[in-house]
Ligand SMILES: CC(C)(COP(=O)(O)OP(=O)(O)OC[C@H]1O[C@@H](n2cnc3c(N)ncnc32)[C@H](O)[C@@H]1OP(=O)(O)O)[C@@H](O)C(=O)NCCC(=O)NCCS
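There is one chain below, alone, in structure tokens, taken in the form predicted alone.
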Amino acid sequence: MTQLAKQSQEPGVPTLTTRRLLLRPVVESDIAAVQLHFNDYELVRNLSAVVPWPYPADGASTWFHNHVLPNQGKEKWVWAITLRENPSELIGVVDLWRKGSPENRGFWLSRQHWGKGYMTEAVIPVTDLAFDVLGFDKLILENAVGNQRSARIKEKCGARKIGEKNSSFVDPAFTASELWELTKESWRSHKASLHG
């Protein structure tokens, strides 16, 4: 069962828990873990070309100080994905933002944790928060055409594909993105089939 923890490390960004995970607001001490895990081409290749590659030595610090801190808990919410037995160790990130470009949510997970269902589990409480607390009526989601893992998470959550557009990614072999829409109603009808 998904739970909202009563206390948070940052105003406006609640700590979220699932059966196996604890999602807490990212903090400055997470920079080293972000730098370590994110500096992996197999992970980053599916992401927008705005992500610098090769990943610079100050990439995580720049992201944290320029993009997270100024907006955290206001129009952007960024969580560290951690295992409940080790909440100090970031293994991935889920973020949500109000002004879509066009998408409203992103995520990544360190490669050694792929294939265990963690990301599907992580997006459940974030999606609940978006619809039940933050007042979103729908989420627009996006992934590279060919990124089947990301597309499958969207399908499992009840999102419907609404189109494609030309896009640039870190891996130049990806040239288009899929756009998905997840409404509050479709989320509620599909949530029962997910485990959190």
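A residue's number is simply how far along the shown sequence it sits, counting from 1. Only a predicted model underlies this, so the values are computations on that prediction, with no experimental measurement involved.
The form predicted together with the named molecule is left out here; the points below concern that form.
Taken together, the three residues T17, W97 and D128 all stay farther than 4.5 Å from the named molecule in the model of the complex, as judged by their closest heavy atom. In the model of the complex, the named molecule lies farther than 4.5 Å from every heavy atom of P102. The named molecule is not shown here, and in the model of the complex it never comes within 4.5 Å of any heavy atom of R84. The named molecule is not drawn, but in the model of the complex it has no heavy atom within 4.5 Å of Q72. The closest non-hydrogen atom of E142 lies within 4.5 Å of the named molecule in the model of the complex.
Picking from 131-139, 154-162, 61-69, 28-36 the stretch near the named molecule in the model of the complex, with a 4.5 Å limit on heavy atoms, gives 154-162. Residues of 117-142 that come within 4.5 Å of the named molecule in the model of the complex, judged by any heavy atom, are G117, Y118, M119, T120, E142 in sequence order.
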